[in-house]
Every structure is written in C-alpha cells, then in structure tokens.
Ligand code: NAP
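Just the one chain here, the form predicted alone, laid out as structure tokens.
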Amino acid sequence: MHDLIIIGAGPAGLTAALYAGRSRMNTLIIEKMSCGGRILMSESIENYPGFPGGVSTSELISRMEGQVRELGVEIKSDEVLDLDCGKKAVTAAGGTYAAKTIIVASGARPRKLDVPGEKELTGRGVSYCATCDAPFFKGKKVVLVGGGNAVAEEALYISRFASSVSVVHRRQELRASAILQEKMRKEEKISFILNSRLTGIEGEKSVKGVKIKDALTGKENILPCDGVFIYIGYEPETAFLKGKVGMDEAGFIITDDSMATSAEGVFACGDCRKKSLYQVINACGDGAVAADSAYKFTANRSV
C-alpha cells in the first residue's frame, strides 16, 4: 500500500512526485513511456523561468527525474488500464497497485486532422514530432499545419533541415506568441498559407503532396511536398477514467482549485486537466498543488 500513486511522469507528475517525496509520502509513479511526456516532442523550451536563451527539454526532464529519484520515489514503467476510484486501486498491464490517494497526470496526445491519407501515411511522411523526425527531411519540402506556439517552435526547428517550410493555418492570424511570429517571419525558408485548410494528404508509399482549400474562395489546390507535420492541439489521455470522474465534452478532467476531482482522494494535474493555458510552467504548478492536497488528504485520514 502506497501513500500516493501518480499516473504519468511529465512535468506535472514529476513535480507532484517532488513535493510528495519531500513530504515523505511513500510514492509510486506509473509511466507507460519515458519520463517527460509530450514536452520531449520539442527540442527546447524558451519560456521556462531561470533559463535565459532556453533550455533543452531533455536536460530539464533529466534534472526533474533526478530530483525525484534522490527522494526515493519509485518510477515504474507500465500502462494504466483502469482506476477504481473508491478503492484507490490502479489496474495496469503489469499488475494492480493500491494507494491511499491518486494523482492523475496522464497528459495529452496530438490531435489528428482526420483527413484522407493521414492515417495511411503516418510514419511515411506524416509526423506529429519535429524533434523525432525533422532530420529525415533534410533538403526537402515540408508543410506544417496549425497556428499556435507549437507550430511556430517546430517550424523554426524544421527550417534547420528542410529546404522550405509552409505553414497552413485556417485563420488570417496565427495564435503563436508575438516573439515566435517575429522569429518565423525572419526565417527565409518559412512561408505562410493562411485562411486555408489542409483537406487531404497525397501519396502511396510516402507523402507526395497535400490538398489545401482556401476558406475564402473555396478553391482547392495541391501543394507538392515531402512531409507533413500536424500541430492542431491535443486530446487528453483519460479514456481509462471515463465515467469515473467529472470531465468536459473533450475528456479533460474537471477539478477545483486544489486539483481535486469529483472522486474523493483522486486529484488531477497537468495537460489532462481542463484549464485555460497548457504550458510546462503551470503544469508544474498544478503538480505542486495536487501533491499538497494529496498529502493533506492522507494526513487528515490518519488523524
């Protein structure tokens, strides 16, 4: 029996583990992949306090993981399949784990466009991770879809390798921060196709082009390219919690200010939680609050 089980080892889960470990809670982290979560899909982060010029995401996560392990927190590689909120029992592929309280920090996964050719060509020119795949497109033409900070950061990274980077966005203005947009417009390899939607991906064995529809005229053209990177948001990794805690229509977990869910003794933090901003900095803040709330929950139960 653990004091606390944390599901997920991204920035939110690792911060929760840090605070729980410092409170001397017997803590177990269950992570199905590697520590870091989707932050590792970006090469670096420039808006995390204390790192002028930015910091490598792998370095940041390595430091977080090191802090947690120094406190004796166990990190187990396993995939969570179900959660019994009443019994605080976590069913995973490798077995069942029990605790006095649970923190869900399961994160989110890239949202798909759901256009013809996307599924068939994923891994053959269609990607959701520039850090993983950009080197494969050296000297080639690449299309990015999206308008937020993620697409801006990845466009700048991919431009180191590709011969050209075309950013397709459905609106007239990007949503990325002003400083990132400034950097994009200074990069000669990056161009913009605005007020447009990507409606299909062409190719048999690999990507050969994309169909782009102008939202104003309705005209559809084919743009030749060798790769497509998609950054249109994320979907929460919360399927195992369906019907067990309160969620919004998209599946993001609803919590109060203490990170408490609708299930007693079950808390949530990070990108799986419904909130207004999805950034590393507030994921860490979520994790700290969730751990403090979990500690108070177990302390009150032991009195």
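Everything numeric here is computed off the predicted structure, so don't read it as measured data. Numbers follow the displayed sequence, beginning with 1.
Only in words, not in the display: the form predicted in complex with this ligand, which the text now covers.
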Among R111, K208, K211, K76, just one has a heavy atom within 4.5 Å of this ligand in the model of the complex, namely R111
Please name which of the stretches 123-131, 226-234, 97-105, 186-194 has residues with heavy atoms lying within 4.5 Å of this ligand in the model of the complex.
226-234
Would F252 count as touching this ligand in the model of the complex under a 4.5 Å heavy atom rule?
no
With a 4.5 Å heavy atom cut-off, would you call V90 a contact of this ligand in the model of the complex?
no
K244, heavy atom within 4.5 angstroms of this ligand in the model of the complex:
no
Contact label in the model of the complex: P116 to this ligand, heavy atom within 4.5 Å
no
Select from 164-199 the residues with a non-hydrogen atom within 4.5 Å of this ligand in the model of the complex and write them out in sequence order.
H169, R170, R171, R175, R197
